[in-house]
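In structure tokens, the next block holds one chain alone, the form predicted on its own.
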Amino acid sequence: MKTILVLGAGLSSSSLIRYLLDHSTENDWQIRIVDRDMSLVQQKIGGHKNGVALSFNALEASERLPEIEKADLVISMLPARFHLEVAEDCISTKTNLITPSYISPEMRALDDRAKAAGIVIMNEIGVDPGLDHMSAMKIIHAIQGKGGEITSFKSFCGGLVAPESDNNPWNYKFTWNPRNVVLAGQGGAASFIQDGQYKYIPYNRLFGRLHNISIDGFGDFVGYANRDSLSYRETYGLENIPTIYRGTLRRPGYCVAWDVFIELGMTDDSYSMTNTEDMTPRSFLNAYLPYHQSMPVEEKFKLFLREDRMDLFDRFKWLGIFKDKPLVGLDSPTPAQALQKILVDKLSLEDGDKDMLVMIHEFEYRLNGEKHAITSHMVNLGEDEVYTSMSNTVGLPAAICAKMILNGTLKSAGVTLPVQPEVYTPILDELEKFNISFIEKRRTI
């Protein structure tokens, strides 16, 4: 029997764990799952005979290492900053490792040691990153295989709420880490290249420079630039491409409203607020508006919005931003943490809600003297608030990759990404069985 150790049983792990358990008998696997919340692990295992629930601090090497020594494969669903430590453990124990997170320079530097240990460390095998790489490389390799030259590649992805569960004026609900949503776009200007010109969008302008996108049957979306598009030229072997752009999708109106929070300063995570023991959404908002002896907060906020954005007022009122109910559980929060508390209370998935994952690629290329375009899109709806589309599209690629490593069909050792046909082809083929598939449209420009 081969042993798989899963570190973390949170939301993104639900579909991963289900797949591994569903395939454990036929493949003779034991699935050992660790989380600080033992009841959560037991709930995910659901009494399956091949599942073992564990509870210890997986962030501590002394507690983690004995379990890694027992495993044939580790799947780390821990926060990304801990993957390097897990990778060091896996090299020392010669244990294969999968993470869905972005590969770091420090992780890349482990390549020779991983090869010497004879193990694979597969990174970026989730949805974004992961499914984006695999679906894009399938088309890139096909174009290049015909002798085509790719001149433009634009890619967008967004975790959203499914249309049938979209019941709020923001047209959005959290489907992954709310903190990452609140801090989106911070940490440097978004960078990309357009027709050979390098372009940069600073954070204070990010949500005002948008791409408009429509998908048949699912309506309109807008995309704002991801922080780093330029590094993907190397990842995709497109070092000389004139245009490359990666972005995040939202519904129209969301970004314009989000810009208000940025202008107010409410997304700042660099300092802690004081005298917050009795802070309410109303007093939080008022702290970022000019002082006036008698003017109500609502009127000051309308002045801040300006006439041209007054249609946004009801979105903020719906959030409860003017309410005087205390924000419980906050101790000297940063502005971003206070804002997150307000948003989570209103924009979380409810019982029976479904989410939606949308991904779209736009290619332009030259072939035999003609210009061509390909648009490839995928829309996947979640099953419920546990087996979400986000959980499916993050967890299933990692789970299928785990099967490939353990049955010997994926043999390359070292620190790697899922950008080669021998990796992405079987994964994309199997994902179609879970309604995770892409629709392509081609045209001559």
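Numbering starts at 1 and runs along the sequence shown. Values in this document were obtained by computation on a predicted structure and should not be read as measured data.
There is another form of the same protein, the form predicted in complex with another copy of the chain; it is not shown, and what comes next is about it.
None of 212-220, 158-166, 279-287, 249-257 except one has non-hydrogen atoms within 4.5 angstroms of another copy of the chain in the model of the complex; the exception is 279-287. Contact with another copy of the chain in the model of the complex, judged by any heavy atom within 4.5 Å, is made by just one of E234, D351, E106, D195: D195. The contact residue chosen from L264, L238, V358, A338 relative to another copy of the chain in the model of the complex is L264, the criterion being a non-hydrogen atom within 4.5 angstroms. Taking the partner from elsewhere, T274 is found to have a heavy atom lying within 4.5 Å of another copy of the chain in the model of the complex. Although the partner is absent here, N204 is a contact residue: one of its heavy atoms lies within 4.5 angstroms of another copy of the chain in the model of the complex. In the model of the complex, no heavy atom of L183 sits within 4.5 Å of another copy of the chain.
In the model of the complex, K317 stays away from another copy of the chain, with no heavy atom inside 4.5 Å. When contacts are defined as a non-hydrogen atom within 4.5 Å, none of G10, S39 and K94 contacts another copy of the chain in the model of the complex. Along 289-306, a non-hydrogen atom within 4.5 Å of another copy of the chain in the model of the complex is carried by L289, P290, Y291, K300, F304, in order along the sequence.
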